[in-house]
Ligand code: UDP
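For reference, the chain that follows is the form predicted alone, supplied as structure tokens.
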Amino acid sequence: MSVQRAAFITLHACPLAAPGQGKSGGMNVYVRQLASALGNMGMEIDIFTREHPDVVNRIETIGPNVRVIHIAAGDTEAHVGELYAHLPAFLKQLNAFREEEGLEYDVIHSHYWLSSWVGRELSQAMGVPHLVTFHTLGLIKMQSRAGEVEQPERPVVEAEVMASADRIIAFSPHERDAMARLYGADAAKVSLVPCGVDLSVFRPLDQKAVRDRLGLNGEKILLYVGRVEPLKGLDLLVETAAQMDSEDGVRVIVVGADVNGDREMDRVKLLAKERDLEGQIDFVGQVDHKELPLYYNAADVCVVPSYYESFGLVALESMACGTPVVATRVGGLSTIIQHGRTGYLKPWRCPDAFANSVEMIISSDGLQQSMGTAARKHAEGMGWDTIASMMWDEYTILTGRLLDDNNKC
């Protein structure tokens, strides 16, 4: 059975939203890029997401065979923590749209735990397979950092969906094993399909040219890209920079916006002031996703100090640009980064250890160049066309299996 049409459910992560703003991030990029790649292969994809304040068109075509459909459910400015109560309304409006348009789908692919509740109900009503990519898991987040709090419904829904889904997509063996260990998921239902990267956008550029464009001088550049929130561990980067003593000077560039007002940003800025680094850290805020390659290429090292990353798209984007990465050994980062070859993985959140690894790279042009070349080569095996082909195979296996099972009846 050939897969013709798929429904993506991405309730709180509109693929049109700019990464780095609010809760928008790697998941938004993932959904858009995967759908676009599948669309280019000939599959029709409808992406159902929740209506939000800056919606221009209810239905937006974003590429061949791919459209985004905004579904009204609750206050458009409701926080993600308030959305669980609106899931039945979202499902009802989605079904109304589907019936009005006469739409049928071969497979439902939901993203994140909120969407997985909708995807489960929709797939059962339509009698088609349900795949789920959780992106992050509540129990892992709460274990990864003291003080992380999740909605009580989250781990319950995650466990229920893992039990009912036809296929669970994990980014890494670490995530697959955590599903089995923490949720009792059937490992046989979990397939490993990593995230991808747009190799035409994220590519090596002339470092001097991009530094001139960004107004940077001869300092060594440490780059952070991502939302500014406690789970991302930006304070570790500040402490790392405070430990360093480079002859050329060190500058830290932080690309990304605070997800909760400016509370975390203010905390990090205060820490930088206490460490006498105010003049060495630039908080540039959110930048357009297609401008990110300029920053990756301008950097000598990209630092990913997170407490938890289910995959670590920033690390892969940096590697695609030929920039080595120093990161915490958490989640999917150990799948992306080849320790000692494309960067370094640090098992402890120790500023001295991070500073030592960063200094090893920036003090040796030969090491930085060899790591950058190896990083790009590794990333070239993770382009979106490759990832989309893997996902298409998952869909095809499930739809064929469902057809066979129905024929037995």
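Start at 1 and count along the sequence shown; that's the residue number. Computed from a prediction, not measured in an experiment: that's the story for all the values here.
Beyond the structure shown, there is the form predicted together with the named molecule, which is absent from this document and is the topic of what follows.
Comparing 90-98, 219-227, 158-166, 107-115 against the named molecule in the predicted complex, the single stretch with non-hydrogen atoms within 4.5 angstroms of it is 219-227. At the 4.5 Å threshold, heavy atoms of residue 119 stay clear of the named molecule in the predicted complex, well away from it. Using a 4.5 angstroms threshold between heavy atoms, residue 287 counts as touching the named molecule in the predicted complex.
Although the partner is absent here, residue 26 sits close enough that one of its heavy atoms falls within 4.5 Å of the named molecule in the predicted complex. Contact between residue 175 and the named molecule in the predicted complex is not found at the 4.5 Å heavy atom cutoff. Relative to the named molecule in the predicted complex, residues 232, 296 and 317 are all within 4.5 Å by at least one heavy atom. The contact with the named molecule in the predicted complex, taken as any heavy atom within 4.5 Å, belongs to 313 out of 313, 301, 137, 238.
Among the residues 126, 73, 253, 292, the one placing a heavy atom within 4.5 Å of the named molecule in the predicted complex is 292. Residues of 369-398 include none with a non-hydrogen atom no more than 4.5 angstroms from the named molecule in the predicted complex.
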